[in-house]
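Just the one chain here, the form predicted on its own, laid out as C-alpha coordinates.
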Amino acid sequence: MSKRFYITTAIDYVNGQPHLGHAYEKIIADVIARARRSLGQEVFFLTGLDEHGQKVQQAAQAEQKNPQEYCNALAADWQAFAQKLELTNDDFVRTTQPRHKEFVQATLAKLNAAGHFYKATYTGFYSAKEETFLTEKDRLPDGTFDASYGEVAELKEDNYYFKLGAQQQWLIDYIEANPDFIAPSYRRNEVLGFLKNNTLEDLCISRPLARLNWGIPLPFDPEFVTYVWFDALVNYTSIAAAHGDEAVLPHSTLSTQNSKLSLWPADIHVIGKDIVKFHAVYWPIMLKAMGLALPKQILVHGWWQKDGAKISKSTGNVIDPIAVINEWGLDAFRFYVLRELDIGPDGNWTDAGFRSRYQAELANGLGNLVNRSLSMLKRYRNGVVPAKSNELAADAAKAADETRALFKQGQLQAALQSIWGLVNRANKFVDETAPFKLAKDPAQAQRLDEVLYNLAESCRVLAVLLNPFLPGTSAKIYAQLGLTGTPDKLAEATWGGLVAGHAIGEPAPLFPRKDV
(Lines give C-alpha, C1' and ligand atoms only; values in the text may rest on other atoms or scores of the structure.)
Protein backbone atom coordinates (compact mmCIF):
# COMPACT_ATOMS: atom_id res chain seq x y z
CA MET A 1 0.00 0.00 0.00
CA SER A 2 1.53 3.29 -1.08
CA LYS A 3 1.82 6.20 1.33
CA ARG A 4 -0.46 9.13 0.63
CA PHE A 5 0.74 12.71 0.48
CA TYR A 6 -0.40 13.86 3.93
CA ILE A 7 -0.95 17.59 4.46
CA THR A 8 -2.38 19.25 7.57
CA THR A 9 -3.26 22.71 8.84
CA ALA A 10 -2.94 23.86 12.42
CA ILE A 11 -6.17 23.07 14.25
CA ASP A 12 -8.10 26.19 15.15
CA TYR A 13 -9.00 27.15 18.67
CA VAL A 14 -12.78 27.42 19.13
CA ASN A 15 -12.91 30.56 21.25
CA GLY A 16 -14.27 32.69 18.39
CA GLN A 17 -15.22 32.93 14.73
CA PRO A 18 -12.94 32.27 11.73
CA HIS A 19 -11.05 35.23 10.24
CA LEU A 20 -8.81 36.07 7.27
CA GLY A 21 -5.74 34.32 8.72
CA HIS A 22 -7.67 31.06 9.19
CA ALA A 23 -9.02 31.27 5.63
CA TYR A 24 -5.54 31.93 4.23
CA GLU A 25 -3.94 28.93 5.94
CA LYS A 26 -6.72 26.60 4.82
CA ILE A 27 -6.57 27.84 1.22
CA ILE A 28 -2.77 27.32 1.10
CA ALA A 29 -3.23 23.73 2.27
CA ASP A 30 -6.15 23.14 -0.09
CA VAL A 31 -4.23 24.41 -3.13
CA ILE A 32 -1.22 22.23 -2.26
CA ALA A 33 -3.55 19.23 -1.82
CA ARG A 34 -5.29 19.87 -5.15
CA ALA A 35 -1.95 20.48 -6.89
CA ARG A 36 -0.58 17.17 -5.62
CA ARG A 37 -3.71 15.36 -6.79
CA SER A 38 -3.31 17.04 -10.19
CA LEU A 39 0.22 15.57 -10.30
CA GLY A 40 -1.37 12.12 -9.90
CA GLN A 41 -0.63 11.62 -6.20
CA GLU A 42 -3.08 10.24 -3.69
CA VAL A 43 -3.56 12.88 -1.00
CA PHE A 44 -4.95 13.06 2.53
CA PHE A 45 -5.75 16.59 3.71
CA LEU A 46 -6.62 17.16 7.38
CA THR A 47 -7.95 20.24 9.13
CA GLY A 48 -10.04 20.69 12.26
CA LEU A 49 -10.53 22.15 15.71
CA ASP A 50 -8.76 22.36 19.05
CA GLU A 51 -11.55 22.28 21.64
CA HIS A 52 -9.99 21.88 25.10
CA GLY A 53 -8.30 24.26 27.53
CA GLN A 54 -8.95 27.12 29.87
CA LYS A 55 -9.98 29.72 27.29
CA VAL A 56 -12.76 27.43 26.03
CA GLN A 57 -13.87 26.64 29.59
CA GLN A 58 -14.04 30.37 30.42
CA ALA A 59 -15.82 31.31 27.18
CA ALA A 60 -18.41 28.57 27.79
CA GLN A 61 -18.96 29.78 31.37
CA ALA A 62 -19.44 33.34 30.12
CA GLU A 63 -22.23 32.08 27.83
CA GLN A 64 -23.65 29.84 30.59
CA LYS A 65 -23.18 26.73 28.47
CA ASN A 66 -21.40 23.51 29.26
CA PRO A 67 -18.10 23.37 27.32
CA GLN A 68 -19.19 20.57 24.97
CA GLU A 69 -22.37 22.42 23.96
CA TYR A 70 -20.32 25.57 23.42
CA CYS A 71 -17.82 23.65 21.23
CA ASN A 72 -20.57 21.93 19.23
CA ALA A 73 -22.19 25.26 18.32
CA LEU A 74 -18.87 26.77 17.19
CA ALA A 75 -17.76 23.60 15.40
CA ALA A 76 -20.85 23.90 13.19
CA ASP A 77 -19.74 27.43 12.22
CA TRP A 78 -16.17 26.30 11.48
CA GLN A 79 -17.31 23.33 9.41
CA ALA A 80 -19.62 25.63 7.43
CA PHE A 81 -16.62 27.93 6.91
CA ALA A 82 -14.57 25.03 5.47
CA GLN A 83 -17.45 24.30 3.08
CA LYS A 84 -17.69 27.99 2.10
CA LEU A 85 -13.98 27.85 1.12
CA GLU A 86 -14.73 24.60 -0.81
CA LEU A 87 -11.85 22.83 0.92
CA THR A 88 -11.12 19.30 -0.29
CA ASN A 89 -10.18 18.04 3.18
CA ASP A 90 -10.46 14.27 3.70
CA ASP A 91 -11.17 14.49 7.43
CA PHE A 92 -12.06 17.10 10.03
CA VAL A 93 -10.69 16.45 13.50
CA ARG A 94 -12.29 17.71 16.69
CA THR A 95 -10.14 17.08 19.76
CA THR A 96 -13.27 16.22 21.78
CA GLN A 97 -13.88 13.15 19.59
CA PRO A 98 -13.38 9.76 21.31
CA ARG A 99 -10.98 8.59 18.56
CA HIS A 100 -8.62 11.47 19.41
CA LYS A 101 -8.97 11.29 23.21
CA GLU A 102 -8.22 7.55 23.26
CA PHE A 103 -5.07 8.02 21.21
CA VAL A 104 -3.85 10.92 23.39
CA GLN A 105 -4.33 8.80 26.51
CA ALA A 106 -2.56 5.81 24.92
CA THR A 107 0.34 8.12 23.98
CA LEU A 108 0.55 9.61 27.49
CA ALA A 109 0.50 6.15 29.11
CA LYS A 110 3.26 4.94 26.79
CA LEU A 111 5.50 7.98 27.39
CA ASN A 112 4.92 7.82 31.14
CA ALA A 113 5.82 4.12 31.25
CA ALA A 114 9.03 4.92 29.34
CA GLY A 115 10.06 7.48 31.98
CA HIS A 116 9.57 10.69 29.98
CA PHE A 117 7.47 12.45 32.68
CA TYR A 118 8.01 13.47 36.30
CA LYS A 119 5.88 15.30 38.86
CA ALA A 120 7.05 18.55 40.48
CA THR A 121 5.74 21.59 42.34
CA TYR A 122 5.67 24.84 40.41
CA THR A 123 5.78 28.26 42.03
CA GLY A 124 5.50 31.22 39.72
CA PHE A 125 3.24 33.16 37.41
CA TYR A 126 0.52 32.01 35.04
CA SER A 127 -1.26 33.73 32.13
CA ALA A 128 -4.74 32.24 31.68
CA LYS A 129 -5.19 34.19 28.44
CA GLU A 130 -2.16 32.53 26.80
CA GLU A 131 -2.47 29.32 28.87
CA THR A 132 1.21 29.48 29.71
CA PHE A 133 3.53 29.71 32.70
CA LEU A 134 5.76 32.78 32.87
CA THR A 135 9.19 33.21 34.43
CA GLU A 136 11.23 36.15 35.67
CA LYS A 137 12.70 36.65 32.21
CA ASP A 138 9.19 37.32 30.84
CA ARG A 139 8.89 40.42 33.06
CA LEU A 140 9.25 43.91 31.62
CA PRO A 141 11.92 46.24 33.11
CA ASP A 142 9.32 47.72 35.49
CA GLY A 143 8.46 44.26 36.90
CA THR A 144 5.09 43.91 35.15
CA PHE A 145 4.19 41.53 32.33
CA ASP A 146 3.32 42.47 28.75
CA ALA A 147 -0.37 43.29 28.27
CA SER A 148 -0.64 40.48 25.70
CA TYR A 149 -0.55 38.00 28.62
CA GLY A 150 -3.75 39.46 30.12
CA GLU A 151 -4.18 39.00 33.85
CA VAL A 152 -1.14 37.22 35.33
CA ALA A 153 -1.67 35.34 38.62
CA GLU A 154 0.86 33.89 41.06
CA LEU A 155 0.51 30.13 41.37
CA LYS A 156 1.85 27.26 43.44
CA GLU A 157 0.77 23.85 42.20
CA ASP A 158 1.86 20.32 41.39
CA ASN A 159 2.07 19.27 37.74
CA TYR A 160 3.61 16.70 35.44
CA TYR A 161 6.57 17.68 33.26
CA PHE A 162 7.97 16.26 30.02
CA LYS A 163 11.78 16.10 29.94
CA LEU A 164 12.84 18.28 27.01
CA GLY A 165 16.34 19.36 27.97
CA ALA A 166 17.95 16.03 27.13
CA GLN A 167 16.66 16.31 23.56
CA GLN A 168 18.02 19.76 22.72
CA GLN A 169 21.26 18.83 20.94
CA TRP A 170 19.62 16.02 18.98
CA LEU A 171 17.01 18.45 17.64
CA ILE A 172 19.64 21.06 16.66
CA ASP A 173 21.57 18.36 14.78
CA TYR A 174 18.41 17.17 13.04
CA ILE A 175 17.37 20.65 11.84
CA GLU A 176 20.90 21.35 10.58
CA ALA A 177 21.04 18.03 8.73
CA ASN A 178 17.58 18.53 7.13
CA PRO A 179 17.49 22.03 5.61
CA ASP A 180 13.93 21.61 4.24
CA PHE A 181 12.44 20.53 7.58
CA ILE A 182 11.39 24.10 8.45
CA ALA A 183 10.49 26.44 5.58
CA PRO A 184 11.07 29.19 4.61
CA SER A 185 14.75 29.21 5.59
CA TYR A 186 14.53 32.32 7.79
CA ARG A 187 12.01 30.51 10.03
CA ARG A 188 14.48 27.62 10.26
CA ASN A 189 17.20 30.06 11.28
CA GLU A 190 14.93 31.52 13.99
CA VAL A 191 14.30 28.07 15.48
CA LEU A 192 18.02 27.23 15.41
CA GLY A 193 18.79 30.58 17.04
CA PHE A 194 16.24 29.87 19.77
CA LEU A 195 17.63 26.37 20.41
CA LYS A 196 21.28 27.48 20.43
CA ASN A 197 20.74 30.49 22.70
CA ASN A 198 18.32 29.09 25.28
CA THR A 199 18.24 26.08 27.53
CA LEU A 200 15.02 24.19 26.86
CA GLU A 201 12.90 24.12 30.00
CA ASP A 202 10.90 20.98 30.65
CA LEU A 203 7.35 21.23 29.32
CA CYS A 204 4.45 21.20 31.78
CA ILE A 205 2.00 18.69 30.24
CA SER A 206 -0.81 18.80 32.81
CA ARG A 207 -3.22 21.10 34.59
CA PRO A 208 -4.78 20.25 37.99
CA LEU A 209 -8.41 19.18 37.74
CA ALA A 210 -9.23 21.61 40.54
CA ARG A 211 -8.30 24.52 38.24
CA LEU A 212 -9.24 23.15 34.83
CA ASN A 213 -11.68 20.34 34.16
CA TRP A 214 -12.11 20.84 30.40
CA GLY A 215 -9.38 18.57 29.08
CA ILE A 216 -8.39 14.94 28.51
CA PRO A 217 -7.73 13.20 31.86
CA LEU A 218 -4.18 11.89 32.41
CA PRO A 219 -4.46 8.08 32.26
CA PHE A 220 -1.98 7.67 35.15
CA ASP A 221 -3.35 10.37 37.47
CA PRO A 222 -7.08 11.26 37.43
CA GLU A 223 -6.42 14.46 39.44
CA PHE A 224 -4.99 16.07 36.29
CA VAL A 225 -6.00 16.86 32.71
CA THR A 226 -3.68 17.14 29.69
CA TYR A 227 -2.19 20.53 28.78
CA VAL A 228 -4.04 21.72 25.68
CA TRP A 229 -0.94 21.91 23.46
CA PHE A 230 0.14 18.35 24.21
CA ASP A 231 -3.40 17.23 23.34
CA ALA A 232 -3.66 19.40 20.18
CA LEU A 233 -0.35 18.44 18.55
CA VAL A 234 -1.19 14.75 18.76
CA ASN A 235 -4.15 15.20 16.35
CA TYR A 236 -1.91 14.63 13.33
CA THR A 237 -1.08 11.12 14.54
CA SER A 238 -4.42 10.32 16.23
CA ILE A 239 -6.25 10.75 12.91
CA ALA A 240 -3.66 8.66 11.06
CA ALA A 241 -4.31 5.95 13.69
CA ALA A 242 -8.07 6.33 13.27
CA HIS A 243 -7.59 5.54 9.57
CA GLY A 244 -5.67 2.38 10.38
CA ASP A 245 -2.15 3.67 9.63
CA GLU A 246 0.25 0.86 10.56
CA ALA A 247 3.10 3.35 11.13
CA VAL A 248 1.23 4.90 14.04
CA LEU A 249 -1.00 2.06 15.29
CA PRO A 250 1.56 0.10 17.32
CA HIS A 251 1.56 3.13 19.64
CA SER A 252 -1.97 2.43 20.80
CA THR A 253 -4.53 -0.32 21.18
CA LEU A 254 -7.25 1.61 19.42
CA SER A 255 -10.17 0.21 17.55
CA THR A 256 -9.84 1.88 14.13
CA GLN A 257 -12.08 2.52 11.20
CA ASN A 258 -12.11 -0.17 8.54
CA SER A 259 -9.79 1.81 6.29
CA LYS A 260 -6.08 1.00 6.26
CA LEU A 261 -4.39 4.12 4.95
CA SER A 262 -0.66 4.80 4.99
CA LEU A 263 -0.27 8.45 6.02
CA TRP A 264 2.50 9.02 8.56
CA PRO A 265 4.86 10.84 8.46
CA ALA A 266 3.03 14.00 7.38
CA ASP A 267 4.53 15.54 4.25
CA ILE A 268 3.64 19.12 5.18
CA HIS A 269 2.27 20.78 8.31
CA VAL A 270 1.04 24.25 7.27
CA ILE A 271 1.14 26.60 10.29
CA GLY A 272 1.29 30.29 11.21
CA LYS A 273 4.48 31.96 12.42
CA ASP A 274 3.11 32.46 15.98
CA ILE A 275 3.14 28.71 16.76
CA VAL A 276 6.51 27.73 15.31
CA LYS A 277 7.99 26.81 18.71
CA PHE A 278 5.22 24.31 19.41
CA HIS A 279 5.45 22.64 15.99
CA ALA A 280 9.21 22.83 15.37
CA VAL A 281 10.51 22.24 18.92
CA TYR A 282 7.93 20.47 21.12
CA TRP A 283 6.27 18.35 18.43
CA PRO A 284 9.48 16.76 17.00
CA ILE A 285 10.64 15.92 20.55
CA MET A 286 7.24 14.39 21.35
CA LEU A 287 7.38 12.31 18.16
CA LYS A 288 10.88 11.08 18.85
CA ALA A 289 9.80 10.04 22.35
CA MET A 290 6.82 8.23 20.78
CA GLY A 291 9.20 6.39 18.45
CA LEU A 292 7.69 7.99 15.34
CA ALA A 293 9.23 9.57 12.26
CA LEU A 294 9.23 13.37 12.04
CA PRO A 295 7.09 15.23 9.49
CA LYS A 296 8.93 16.02 6.27
CA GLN A 297 8.23 19.75 6.39
CA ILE A 298 6.81 22.45 8.64
CA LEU A 299 5.70 25.21 6.26
CA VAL A 300 5.32 28.53 8.06
CA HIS A 301 3.20 31.37 6.69
CA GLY A 302 3.03 34.99 7.79
CA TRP A 303 0.20 37.18 9.06
CA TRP A 304 -2.09 39.57 7.27
CA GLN A 305 -2.41 43.23 8.11
CA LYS A 306 -5.16 45.53 6.86
CA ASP A 307 -4.07 48.87 5.37
CA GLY A 308 -0.66 48.51 7.05
CA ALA A 309 -2.10 48.03 10.55
CA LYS A 310 -2.67 45.03 12.78
CA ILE A 311 -6.02 43.32 12.18
CA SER A 312 -8.03 43.88 15.34
CA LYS A 313 -11.67 43.42 16.29
CA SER A 314 -11.50 46.21 18.85
CA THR A 315 -10.59 48.84 16.23
CA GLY A 316 -12.93 47.32 13.63
CA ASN A 317 -9.92 46.83 11.32
CA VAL A 318 -11.06 43.41 10.05
CA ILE A 319 -11.69 41.51 6.83
CA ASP A 320 -14.66 39.16 6.86
CA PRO A 321 -13.74 36.43 4.34
CA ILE A 322 -17.38 35.36 4.00
CA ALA A 323 -18.51 38.90 3.12
CA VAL A 324 -15.73 39.17 0.50
CA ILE A 325 -16.67 35.78 -1.00
CA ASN A 326 -20.36 36.70 -1.09
CA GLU A 327 -19.61 39.93 -2.95
CA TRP A 328 -16.75 38.94 -5.27
CA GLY A 329 -16.89 35.14 -5.50
CA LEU A 330 -14.76 32.44 -3.87
CA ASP A 331 -12.21 32.23 -6.69
CA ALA A 332 -11.51 35.97 -6.55
CA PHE A 333 -10.83 35.65 -2.80
CA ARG A 334 -8.60 32.57 -3.28
CA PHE A 335 -6.74 34.33 -6.10
CA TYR A 336 -6.04 37.50 -4.14
CA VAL A 337 -4.61 35.90 -0.99
CA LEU A 338 -2.34 33.57 -2.98
CA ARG A 339 -1.27 36.08 -5.63
CA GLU A 340 -0.73 38.95 -3.20
CA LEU A 341 1.31 37.02 -0.61
CA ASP A 342 4.04 34.44 -0.94
CA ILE A 343 4.13 31.77 1.79
CA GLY A 344 6.35 33.17 4.56
CA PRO A 345 6.32 36.96 4.86
CA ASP A 346 3.50 39.09 6.26
CA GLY A 347 0.93 40.52 3.86
CA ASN A 348 -1.09 43.68 3.67
CA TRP A 349 -4.72 43.51 2.56
CA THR A 350 -6.11 46.68 1.02
CA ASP A 351 -9.57 46.84 -0.51
CA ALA A 352 -8.15 48.95 -3.34
CA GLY A 353 -5.48 46.31 -4.00
CA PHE A 354 -8.11 43.59 -4.07
CA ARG A 355 -10.29 45.53 -6.54
CA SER A 356 -7.28 46.35 -8.69
CA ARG A 357 -6.16 42.70 -8.99
CA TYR A 358 -9.76 41.65 -9.66
CA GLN A 359 -10.10 44.17 -12.51
CA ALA A 360 -6.64 43.85 -14.05
CA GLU A 361 -5.80 40.18 -13.67
CA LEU A 362 -9.13 38.37 -13.37
CA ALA A 363 -11.66 40.46 -15.34
CA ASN A 364 -9.39 42.13 -17.95
CA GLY A 365 -6.75 39.38 -18.00
CA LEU A 366 -8.15 35.86 -17.74
CA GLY A 367 -11.86 36.67 -18.10
CA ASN A 368 -11.42 38.86 -21.16
CA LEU A 369 -9.13 36.31 -22.85
CA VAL A 370 -11.58 33.42 -22.46
CA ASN A 371 -14.60 35.51 -23.37
CA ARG A 372 -13.22 37.05 -26.55
CA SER A 373 -11.50 33.83 -27.68
CA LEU A 374 -14.67 31.76 -27.42
CA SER A 375 -16.99 34.54 -28.65
CA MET A 376 -14.91 34.89 -31.83
CA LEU A 377 -14.93 31.11 -32.33
CA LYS A 378 -18.74 31.25 -32.07
CA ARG A 379 -19.09 34.27 -34.33
CA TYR A 380 -16.67 33.26 -37.08
CA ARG A 381 -16.80 29.45 -37.02
CA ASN A 382 -20.19 28.67 -35.42
CA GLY A 383 -18.37 27.43 -32.32
CA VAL A 384 -16.64 24.57 -34.16
CA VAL A 385 -12.93 24.05 -33.41
CA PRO A 386 -10.74 24.34 -36.56
CA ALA A 387 -7.67 22.23 -37.42
CA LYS A 388 -4.84 22.08 -34.87
CA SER A 389 -2.18 24.82 -34.96
CA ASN A 390 0.89 25.02 -32.73
CA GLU A 391 1.80 28.70 -32.62
CA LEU A 392 1.32 29.08 -28.85
CA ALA A 393 2.26 25.45 -28.05
CA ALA A 394 5.74 26.40 -26.77
CA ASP A 395 4.32 29.13 -24.50
CA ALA A 396 1.74 26.70 -23.12
CA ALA A 397 4.37 23.99 -22.56
CA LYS A 398 6.62 26.47 -20.73
CA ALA A 399 3.76 27.47 -18.41
CA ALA A 400 2.83 23.84 -17.78
CA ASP A 401 6.42 22.73 -17.08
CA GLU A 402 7.06 25.66 -14.74
CA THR A 403 3.75 25.13 -12.93
CA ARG A 404 4.49 21.42 -12.44
CA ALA A 405 7.93 22.18 -10.97
CA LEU A 406 6.58 24.97 -8.74
CA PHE A 407 3.73 22.76 -7.44
CA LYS A 408 6.33 20.22 -6.30
CA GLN A 409 8.16 22.98 -4.41
CA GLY A 410 4.96 24.41 -2.90
CA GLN A 411 5.68 27.76 -4.62
CA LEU A 412 2.08 28.84 -5.11
CA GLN A 413 2.56 32.54 -5.83
CA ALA A 414 5.29 31.80 -8.40
CA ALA A 415 3.06 29.17 -10.06
CA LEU A 416 0.26 31.74 -10.43
CA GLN A 417 2.73 34.22 -11.94
CA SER A 418 3.86 31.58 -14.43
CA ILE A 419 0.26 30.76 -15.41
CA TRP A 420 -0.45 34.48 -15.89
CA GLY A 421 2.53 34.57 -18.26
CA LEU A 422 0.41 32.41 -20.59
CA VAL A 423 -2.72 34.57 -20.01
CA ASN A 424 -0.73 37.68 -21.00
CA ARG A 425 0.92 35.97 -23.97
CA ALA A 426 -2.45 34.83 -25.37
CA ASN A 427 -4.01 38.28 -24.90
CA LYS A 428 -1.03 39.82 -26.70
CA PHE A 429 -1.50 37.23 -29.49
CA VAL A 430 -5.04 38.55 -30.05
CA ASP A 431 -3.69 42.09 -30.38
CA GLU A 432 -0.89 40.96 -32.74
CA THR A 433 -3.08 38.88 -35.07
CA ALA A 434 -6.28 41.03 -34.98
CA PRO A 435 -8.72 38.16 -35.78
CA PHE A 436 -11.62 40.62 -36.25
CA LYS A 437 -9.71 42.10 -39.20
CA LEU A 438 -8.82 38.66 -40.59
CA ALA A 439 -12.52 37.74 -40.48
CA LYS A 440 -13.32 40.51 -43.00
CA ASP A 441 -10.95 39.03 -45.61
CA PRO A 442 -12.05 35.67 -47.10
CA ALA A 443 -8.47 35.10 -48.36
CA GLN A 444 -7.34 34.99 -44.69
CA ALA A 445 -9.72 32.14 -43.69
CA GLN A 446 -6.92 29.68 -42.95
CA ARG A 447 -4.96 32.23 -40.92
CA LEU A 448 -8.10 32.97 -38.88
CA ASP A 449 -8.53 29.21 -38.24
CA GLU A 450 -4.97 29.03 -36.89
CA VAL A 451 -5.48 32.02 -34.60
CA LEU A 452 -8.81 30.74 -33.26
CA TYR A 453 -7.37 27.29 -32.56
CA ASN A 454 -4.40 28.71 -30.63
CA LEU A 455 -6.68 30.89 -28.51
CA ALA A 456 -9.23 28.18 -27.70
CA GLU A 457 -6.53 25.62 -26.89
CA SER A 458 -4.70 28.14 -24.68
CA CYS A 459 -7.96 28.57 -22.74
CA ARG A 460 -8.20 24.80 -22.30
CA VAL A 461 -4.62 24.53 -21.03
CA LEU A 462 -5.27 27.44 -18.63
CA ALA A 463 -8.33 25.65 -17.22
CA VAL A 464 -6.10 22.69 -16.31
CA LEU A 465 -3.27 24.78 -14.82
CA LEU A 466 -5.65 26.95 -12.80
CA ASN A 467 -7.70 24.10 -11.32
CA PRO A 468 -5.90 23.89 -7.94
CA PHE A 469 -6.20 27.67 -7.45
CA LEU A 470 -9.54 28.58 -9.01
CA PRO A 471 -11.51 25.32 -9.20
CA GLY A 472 -14.86 27.01 -9.93
CA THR A 473 -13.45 29.16 -12.75
CA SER A 474 -11.53 26.23 -14.18
CA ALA A 475 -14.74 24.15 -14.36
CA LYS A 476 -16.58 27.08 -16.03
CA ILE A 477 -13.89 27.41 -18.72
CA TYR A 478 -14.13 23.68 -19.41
CA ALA A 479 -17.92 23.88 -19.65
CA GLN A 480 -17.74 26.89 -21.99
CA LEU A 481 -15.34 24.88 -24.16
CA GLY A 482 -18.02 22.16 -24.32
CA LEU A 483 -15.75 19.67 -22.50
CA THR A 484 -17.03 17.16 -19.95
CA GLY A 485 -15.32 16.05 -16.75
CA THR A 486 -13.08 18.12 -14.48
CA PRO A 487 -9.72 19.53 -15.61
CA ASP A 488 -7.98 18.20 -12.50
CA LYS A 489 -5.04 16.27 -13.99
CA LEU A 490 -1.94 18.25 -14.90
CA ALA A 491 -1.09 15.70 -17.61
CA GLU A 492 -4.06 17.14 -19.56
CA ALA A 493 -2.20 20.45 -19.99
CA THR A 494 -0.40 18.96 -23.02
CA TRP A 495 -1.02 20.98 -26.19
CA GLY A 496 -3.53 19.65 -28.72
CA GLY A 497 -6.36 18.45 -26.49
CA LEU A 498 -9.04 20.25 -28.51
CA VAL A 499 -9.80 18.27 -31.68
CA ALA A 500 -10.96 19.68 -35.01
CA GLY A 501 -14.75 19.54 -35.35
CA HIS A 502 -15.43 19.75 -31.60
CA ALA A 503 -18.33 22.10 -30.79
CA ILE A 504 -17.81 24.47 -27.85
CA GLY A 505 -20.46 25.58 -25.34
CA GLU A 506 -21.78 29.08 -24.62
CA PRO A 507 -19.32 31.84 -23.63
CA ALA A 508 -20.27 33.82 -20.50
CA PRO A 509 -18.26 36.36 -18.44
CA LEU A 510 -16.12 34.62 -15.78
CA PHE A 511 -15.49 37.73 -13.68
CA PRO A 512 -18.27 40.27 -14.20
CA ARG A 513 -16.88 43.79 -14.07
CA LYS A 514 -17.84 45.65 -10.94
CA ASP A 515 -18.53 49.39 -10.87
CA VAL A 516 -15.97 50.49 -8.32
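Start at 1 and count along the sequence shown; that's the residue number. In this text the structure is predicted, and so the values were computed from the model without any measurement.
FYI, the form predicted together with a small molecule isn't displayed, but the following is about it.
Peer 1: Among 323-331, 160-168, 264-272, 202-210, which stretch has residues whose heavy atoms lie within 4.5 Å of the small molecule in the model of the complex?
Peer 2: Partner-contacting stretch among the options: 264-272.
Peer 1: Under a 4.5 Å heavy atom criterion, is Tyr227 part of the interface with the small molecule in the model of the complex?
Peer 2: Result no; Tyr227 lies far from the small molecule in the model of the complex.
Peer 1: Evaluate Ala10 for contact with the small molecule in the model of the complex, applying a 4.5 angstroms cut-off between non-hydrogen atoms, and reply yes or no.
Peer 2: So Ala10 counts as contacting the small molecule.
Peer 1: So in the model of the complex, does any heavy atom of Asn235 sit within 4.5 Å of the small molecule?
Peer 2: Looking in the model of the complex, residue contacts with the small molecule include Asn235, since a heavy atom lies within 4.5 Å.
Peer 1: Taking the shortest heavy atom distance, is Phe81 within 4.5 Å of the small molecule in the model of the complex?
Peer 2: Heavy-atom contact with the small molecule at 4.5 Å: absent for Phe81.
Peer 1: Going by heavy atom distances of 4.5 angstroms or less, which of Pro435, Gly302, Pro295, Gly410 would be at the interface with the small molecule in the model of the complex?
Peer 2: Answer to the contact question: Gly302.
Peer 1: Given that the small molecule is left out here, which of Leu134, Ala405, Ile311, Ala414 has a heavy atom within 4.5 Å of it in the model of the complex?
Peer 2: Contact check passes for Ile311.
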